[in-house]
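Just one chain is shown here, as structure tokens, and it is the form predicted on its own.
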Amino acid sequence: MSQEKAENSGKKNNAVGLNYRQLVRRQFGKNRMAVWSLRFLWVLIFVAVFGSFLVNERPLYCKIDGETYFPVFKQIAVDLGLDKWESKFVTNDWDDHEYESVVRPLVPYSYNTQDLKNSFVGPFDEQRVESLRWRHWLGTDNLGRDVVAGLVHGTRIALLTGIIAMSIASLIGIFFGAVAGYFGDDKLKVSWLRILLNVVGLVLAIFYGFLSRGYAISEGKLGWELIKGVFIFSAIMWVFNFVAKLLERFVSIKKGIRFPADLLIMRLIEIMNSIPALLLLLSVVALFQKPSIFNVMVIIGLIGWTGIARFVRAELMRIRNLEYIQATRALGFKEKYIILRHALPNALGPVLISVAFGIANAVLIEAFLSFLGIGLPADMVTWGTMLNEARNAFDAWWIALFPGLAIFVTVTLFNLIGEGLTDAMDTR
């Protein structure tokens, strides 16, 4: 008993000098499932980032007619618009070249490479290949596309969808949650002049940023067109607020109008939550004539911010009355500085938990939409599209097993990480 008491007192003494971040990291490390999930997640991220170097029909290195090429690196430059392929690489397949020396990736197939000699071939079936180097280790689909290459490409799509969607949701949720939680219904005072100009500016910003450019957005160029729309919207709102700030110096305004920020934002959250997310997602995706994976990412982010906003609001409602916030306000610092520098950084802990669960949900939504063939290009290979192909071929068990297992493992990883963060950030 005395030895156990000594060990417990030693652990307590070791935790005395640790700050909150160190305590969270220490507590998270005690959850072995969460730790191993995080480690395996890093493996998935590595596969997603360096997938082109792991599975590709293009060689990593090759020498043709005395010239040295690095096709994978060159393809990245071509995709970025920094380089162009020579005519002999455009007209001929990569297997048709005579190589003096060549180094290929681990899997010599891309996700869209078709091996028609080996369509619907299982992992343990006999395959018509030159050697084991060209074997399809997890089989192929009905078009002869390698399952391993499809899984790697699906990993990139799934993680990109989750990360980009939750990044958009986090920006929106943190903004609305911070305004609602910090100012409440009675602390945000705005002059009637600023309200009037913001209303006019909001109408013009929505019209010129999005409505007048609806055709370009609906044609599927949502990535670049949406960025331009957000830029136009932000520029118009900034101009009107700048004009309002100048006019407030010359117009005598004795008292500002109380703006019920918390009430309006909470009603907006209730409206968003009252609409089934899947129904809203399907309705918005149907508006775009040209399918794009980026459309799906943006839409998931635009409808997934409510949970983050509620977390941030709850934390800031607690933090805004603490002594250090009151002291900072008494020193005369502006509210914007207090929120960004002191209040918000201490309220982002629960956001990490919500983001972890949100990424898992986004991965599921993307897989569901691609399974139905909604919102994505027909030639896009994801885990969901691979599962969709399995519906028409019940004998091809490998097409259903491996993508389904990938979805299950990825969602489970993020859920376990979220549970680990929940326990680690519990102040009790």
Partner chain sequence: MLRYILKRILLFIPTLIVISFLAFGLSKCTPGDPGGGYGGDDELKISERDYRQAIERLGLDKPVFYFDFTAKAYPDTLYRIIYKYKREAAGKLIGQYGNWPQIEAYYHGIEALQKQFVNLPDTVGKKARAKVLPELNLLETDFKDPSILNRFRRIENALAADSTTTDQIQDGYLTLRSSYETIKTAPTRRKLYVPAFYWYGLDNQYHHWASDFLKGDFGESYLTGQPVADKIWSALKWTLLINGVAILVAYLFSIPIGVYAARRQGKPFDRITSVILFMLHSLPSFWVATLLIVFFTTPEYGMDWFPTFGLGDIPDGASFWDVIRIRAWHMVLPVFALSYGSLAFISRQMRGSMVDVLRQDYIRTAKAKGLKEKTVVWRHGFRNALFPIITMFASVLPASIAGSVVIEVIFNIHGMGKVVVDSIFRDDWPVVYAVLMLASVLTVIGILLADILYAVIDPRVRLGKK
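Numbering follows the first chain given and starts at 1. Here the rigid core means the biggest group of C-alpha atoms that line up within 1.5 Å when the two forms are laid on top of each other. It should be emphasised that the depicted structure is a prediction, and the values quoted were computed from it without experimental measurement.
What comes next is about the form predicted together with the partner chain, which does not appear here.
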Taking the shortest heavy atom distance, is R39 within 4.5 Å of the partner chain in the predicted complex?
-> no
Does at least one non-hydrogen atom of D395 fall within 4.5 angstroms of the partner chain in the predicted complex?
-> yes
Examine V284 and determine whether its closest non-hydrogen atom to the partner chain in the predicted complex is within 4.5 angstroms.
-> yes
With the cut-off set at 4.5 Å between non-hydrogen atoms, does W192 touch the partner chain in the predicted complex?
-> no
What stretch, of 287-295, 307-315, 138-146, 82-90, brings heavy atoms to within 4.5 Å of the partner chain in the predicted complex?
-> 287-295
The single option of L196, I76, V129, L280 touching the partner chain in the predicted complex, heavy atom within 4.5 Å | L280
Identify, from the list L246, L116, I271, L331, the residue with a heavy atom within 4.5 Å of the partner chain in the predicted complex.
-> I271
For the spot marked by V55, S170 and N346, is every residue within 4.5 Å of the partner chain in the predicted complex through some heavy atom?
-> no
Give, in sequence order, every residue of 307-328 that has a heavy atom within 4.5 Å of the partner chain in the predicted complex, or say none if there are no such residues.
-> none
Answer yes if the Cα of I232 shifts by 2 angstroms or more between this form and the one not shown on a rigid-core superposition, and no otherwise.
-> yes
